[in-house]
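Here you get one chain, nothing else, as structure tokens; it is the form predicted on its own.
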Amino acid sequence: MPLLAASMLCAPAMAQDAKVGRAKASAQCAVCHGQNGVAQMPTAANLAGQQELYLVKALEDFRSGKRENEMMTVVAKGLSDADIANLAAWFASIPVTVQPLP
């Protein structure tokens, strides 16, 4: 039972909707992070396939000012908890293929 309780603490608190997150990302994130989560700018992170909990924490930290970046701090301030959950669900749902080096 303790394992179950611990796993519940790690789960996002609200239901996520990747489809809604995709629409929001298309309108707000794609210029820097790309339509498919692969960065279009060398100073932007690739978000495709990133861990959902990591994305939620990063966006919450940008929103609160705990983490700072000139662009992300401004963008994240306008995000609701639902926006953050949906964006994280979308970017986490994008499949990424990694090939080992020869």
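Throughout, we count residues from 1 along the sequence that is shown. Bear in mind the structure is a predicted one, so any value in this text is a computation, not a measurement.
Although it is not shown, the form predicted in complex with another copy of the chain is what the next lines describe.
- Residue contact with another copy of the chain in the predicted bound form: R22 places a heavy atom within 4.5 Å of it.
- Heavy atoms of S64 never reach within 4.5 Å of another copy of the chain in the predicted bound form, leaving it off the interface.
- Another copy of the chain in the predicted bound form is not approached by T73, whose heavy atoms all lie more than 4.5 angstroms from it.
- Within 4.5 Å of any heavy atom of another copy of the chain in the predicted bound form lies no heavy atom of A18.
- Heavy atoms closer than or equal to 4.5 Å to another copy of the chain in the predicted bound form belong, across 38 to 53, to the residues V38, A39, M41, P42, T43, A44, A45, N46, A48, G49, Q50, Q51, L53, ordered by sequence position.
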